[in-house]
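As a starting point, one isolated chain is supplied in structure tokens, in the form predicted alone.
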């Protein structure tokens, strides 16, 4: 029966997660994916002969362990090449500080060490509270059900249970900036710079921006193993996670059609009736679930004429312009980062020498210009996973900020080359011989990410994470519990609650809402 058929648009990690849960819930599920492979932005791609790299994000620190266990992802091939990695903060000289599972090491003060313990205790406690509400559908603030009212009451009670001192601290710091908070705990510029970058990575914010404490807590609220925010590298790159999800979905009975682009979502009698592919083929279904970003789903695939004007305006105004570029380098050998021993190159490297540097890096993006002194998160995944590069050679993957989607001068070849030169010059300050080792390279700007992965604005979180686009109001009022204001149409991607990152959580909760509500 078509009423029991659900079409999922997009085979990214959230789309595959949602499809697997829906199939396990008894639905006939078809996933349609425009690309010739699954994974979306969580893919592994060859960018030079024999050199492979994760297309966008390269570290896992938020993957929902309920998804891993319930879908049996390890039985379907999910493995890690490295887990519980440390962060090594780099400076232009050879001074290095390591932030690891055991605390801080390097040239730090006793105040830094004690401050790190207290900062970790507080933020992990706050993130633990937040995590409980990120793993369920958000309650409606108005016209909600009894369940919504109970969830809101439970949230208030959980905040109260923090105790007077911690509750007061949460209310004090929750909506302010990470810059001021870190100054209260640390002396070390390197420590503060590295943690501040964690708070603003992938966002249109600097360390002094409001909401940057919220984004740091969101980072910790994922299910890092063995501890909140713990970093891991999946074997085979992010495509390893997508492959395990694909096998789990197929095992549940999901049909996956790759190389199949959706042209539009069809509507009959004010209810979604299926999709029409770009080649003209029509697929009928009782429900359509989109893992595409909200703007693409509503404005491009559905069409504004099917929604009321106020809702369309909110979707149009959704802030989803990317600021992070992705740099991939094929190297003819292991790079030399002075002050970092060869065994430590498997860990995460951060270049944000201090918070003021990071804030200055952000300043040009406010005016549509790229940073001439960017900050970076650097990974060398082939140090722990040799399958990603030819024998004896390596890949370097770096997130480079800030590179605004709407560059004032436009992202033509000249501007891309100029920013690539800036990125390589910055990298050379901590790895002086890196240019001589480059075999091949590529730079993906937010405009490239938009074109390659069909993400509006090239923002891989499908929208800024901020108080006005978070939890009760994500992505916008009228679509906060996955259902869009056209019967039979749902969201399940990073633009929905709880947000971006390699989590699988939006897909899991969207499927739960559909199955529990008997929507089809």
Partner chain sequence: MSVAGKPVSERVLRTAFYSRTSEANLLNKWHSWRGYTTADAYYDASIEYFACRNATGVFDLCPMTKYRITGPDALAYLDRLVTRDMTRIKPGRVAYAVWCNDAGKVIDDGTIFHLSQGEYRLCAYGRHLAWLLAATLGFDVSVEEETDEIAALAVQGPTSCAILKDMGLDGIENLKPFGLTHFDHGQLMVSRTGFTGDLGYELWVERRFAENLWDRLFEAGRLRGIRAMGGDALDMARIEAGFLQAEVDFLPADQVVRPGRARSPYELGLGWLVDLEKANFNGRRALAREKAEGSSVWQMVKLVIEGNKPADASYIYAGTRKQVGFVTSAMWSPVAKQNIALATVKAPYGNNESNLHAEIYYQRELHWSRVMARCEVVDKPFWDPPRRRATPPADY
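Predicted, not measured: the structure shown is a model, and the values here were computed from it. Residue numbers count along the first chain shown, from 1.
Another form exists, predicted together with the partner chain; not displayed. Remarks below refer to it.
Peer 1: Would residue 254 show up as a contact with the partner chain in the predicted bound form if we use heavy atoms at 4.5 Å?
Peer 2: Contact check for residue 254: no, nothing within 4.5 Å of the partner chain in the predicted bound form.
Peer 1: Does any heavy atom of residue 310 come within 4.5 Å of a heavy atom of the partner chain in the predicted bound form?
Peer 2: The answer is yes: residue 310 has a heavy atom within 4.5 Å of the partner chain.
Peer 1: Verify the contact flag for residue 485: yes if a non-hydrogen atom of it lies within 4.5 Å of a non-hydrogen atom of the partner chain in the predicted bound form, no if not.
Peer 2: Answer yes; at least one heavy atom of residue 485 falls within 4.5 Å of the partner chain in the predicted bound form.
Peer 1: Would you please decide whether residue 340 lies within 4.5 angstroms of the partner chain in the predicted bound form, comparing each non-hydrogen atom pair?
Peer 2: The answer is no: residue 340 has no heavy atom within 4.5 Å of the partner chain.
Peer 1: Among the candidate residues 247, 306, 235, 416, which is the single one with a non-hydrogen atom no more than 4.5 Å from the partner chain in the predicted bound form?
Peer 2: Going through each option in turn, the one that passes is 306.
Peer 1: Only one of 270, 187, 281, 436 gets a heavy atom within 4.5 Å of the partner chain in the predicted bound form. Which one?
Peer 2: Comparing distances to the partner chain in the predicted bound form, the residue within 4.5 Å is 270.
Peer 1: Of 485-493, 26-34, 43-51, 447-455, which is the one stretch near the partner chain in the predicted bound form, taking non-hydrogen atoms within 4.5 angstroms as near?
Peer 2: After filtering at 4.5 Å, what remains is 485-493.
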